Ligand SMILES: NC(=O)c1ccc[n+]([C@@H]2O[C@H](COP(=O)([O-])OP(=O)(O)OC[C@H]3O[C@@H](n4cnc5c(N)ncnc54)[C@H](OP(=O)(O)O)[C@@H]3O)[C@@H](O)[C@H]2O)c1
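A lone chain, given as structure tokens: the form predicted on its own.
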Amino acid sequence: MRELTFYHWLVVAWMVVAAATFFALFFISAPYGRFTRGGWGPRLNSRIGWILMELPALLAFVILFALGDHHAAPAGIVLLVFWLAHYVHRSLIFPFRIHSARPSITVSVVAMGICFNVGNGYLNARWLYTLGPALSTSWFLDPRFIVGTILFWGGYALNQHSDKVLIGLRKPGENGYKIPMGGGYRFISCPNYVGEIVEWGGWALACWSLGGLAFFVWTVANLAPRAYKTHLWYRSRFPDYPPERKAIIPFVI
């Protein structure tokens, strides 16, 4: 089987699994963070878990960039910077900003995350740097790249600020939960998740590839149900939770 044929079938399988995951997560919450519970195997320190889970996405993408046929394409280099901005932070900086080091992530979640991140790194980097067309400087003027770039960095900023608010709720050594306030939390319960959805929606536009689209679909499938479940969790746990705050779309849902 030619690699391009394999790639297209993998995208189809990726989308089908994403659709199934979307519906499943409304009934079964992934066991990490506030939803950690027994029955899913041994648990890891949250800091170690995040590093192990996210680092493969960074390594896979960089390796396939270096080995690719189009690694000198200007737009491809810029998109590499986009990917590095997210995953260097997510795998090597964010884990050390977490105050809590309790075992709040299960080995099963980490294993699934590693598999996803390796596959996702392949789908995105292999198309950008080998299977797809080389992206020259003319791509910088394409409306898809311009809009995608604005969305990517806007979502990135929202995600970063929202994570900062969450991290600031706890002092070192604290493990309890509090109501986040300010920023995107004035309108929705999970602006950190919404920021990431917007970010990878922008990526899909800026790349204009099946791999980018598959990543965006997976981001929605994974984070939209979790945002909704988190919203319900806040409302059940805190009687004074702001009643006007929505789950994921301001003033709507």
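Not measured: the values here are computed from a predicted model. Throughout, we count residues from 1 along the sequence that is shown.
As for the form predicted together with the named molecule, it is not shown, yet the points below apply to it.
If you check the named molecule in the predicted bound form, you find a heavy atom from every one of R170, Y177 and L223 within 4.5 Å. Taking A157, I114, L166, I146 one by one, only a single residue has any non-hydrogen atom within 4.5 Å of the named molecule in the predicted bound form, and it is L166. Only one segment in the set 70-78, 122-130, 178-186, 136-144 has any non-hydrogen atom within 4.5 angstroms of the named molecule in the predicted bound form, and it is 178-186.
Although the partner is absent here, Y234 lies within 4.5 Å of the named molecule in the predicted bound form, judged by heavy atoms.
Looking at Y32, you'd find a heavy atom of it within 4.5 angstroms of the named molecule in the predicted bound form. Not displayed here, the named molecule is approached by F94 to within 4.5 Å at the level of heavy atoms in the predicted bound form.
None of the heavy atoms of L84 is located within 4.5 Å of the named molecule in the predicted bound form. Interface residues of 49-63, taken as those with a heavy atom within 4.5 Å of the named molecule in the predicted bound form (partner not displayed), are limited to W50.
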